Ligand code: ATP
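Only one chain comes next, encoded as structure tokens, the form predicted on its own.
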């Protein structure tokens, strides 16, 4: 069975094709705002409308199939930016031409493609991206959230910090490069029970940019926010007793974060996993795969744009 997935939650428009557990193609194009600016939702939606046809053609061509060969269509319905989600849903329904269209939770898709690529079976998952930061584990057919951000996602915090200090977009990877060889300066550490907050450390770091070398500030910002993430993940690991820790989402590509999680996991007799970089960022193949799983197991999620669709509200019947 072949599934076509459409990713459209924020800056990325992607189309992926999956046959059972095998990825046939995975094409995408990323909206890039002006230097120093964040995502403008309406502009990102226009970008999606403009590139959708080309991305679809490229995905079908690379897979060597036509639209008529697709059995089920899948689209990310949330969480995300409403104009972007609406653009993707309209596109998916139009190209499906009456065939089944499965609404997919973007966060669940990150977890499922991560498990497929890394080989994890039952991991405690740290999901770190621009708009989302959550620690989750599968319990009683739902991804239960043990801790999460109270304000902005860690990826958003890294990007905002990077933009404000003059680094190129996307700023997260540039912060990682600049941090190499830096020295630590104290910044606020904000863990509240099992939850986290990143706005305070962002403000404090930016206030110090005139007095602290950029390398040291990048190093300190990374070390602090990643230590916060590891603390919450470690407590969840001790609570659940799971033997696998998986990090997914765009920030999962950061090698320093993965190294810290690896050390923490070893101390608890667990093993850390991360999908390959091409599966960390937003992509259509993860939507196609999650949609196929849902379709085969009788998913009954509503076909509607859900900008605040929570991960723990989705029934995991597979």
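Residue numbers count along the first chain shown, from 1. Since the model is a prediction, treat every value here as computed from it, not as a measurement.
The same protein has a further form, the form predicted in complex with the ligand, not shown here; the description that follows concerns it.
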{"query": "Joint contact, 14, 109 and 291 to the ligand in the model of the complex, by non-hydrogen atom at 4.5 Å", "finding": "no"}
{"query": "Interface residue in the model of the complex among 52, 26, 254, 265, criterion: non-hydrogen atom within 4.5 angstroms of the ligand", "finding": "254"}
{"query": "Listed residue (158, 104, 84, 245) with a non-hydrogen atom within 4.5 angstroms of the ligand in the model of the complex", "finding": "158"}
{"query": "Per-stretch contact check against the ligand in the model of the complex, the hit in 67 to 75, 232 to 240, 201 to 209, 164 to 172 (non-hydrogen atom, 4.5 angstroms)", "finding": "164 to 172"}
{"query": "4.5 Å heavy atom contact, residue 131 to the ligand in the model of the complex", "finding": "yes"}
{"query": "Residue contact check: residue 249 to the ligand in the model of the complex, 4.5 Å heavy atom", "finding": "yes"}
{"query": "4.5 Å heavy atom contact, residue 91 to the ligand in the model of the complex", "finding": "no"}
{"query": "Residue 280, heavy atom within 4.5 angstroms of the ligand in the model of the complex", "finding": "yes"}
{"query": "Residues of 1 to 15 having any heavy atom within 4.5 Å of the ligand in the model of the complex, listed in sequence order", "finding": "9, 10, 11"}
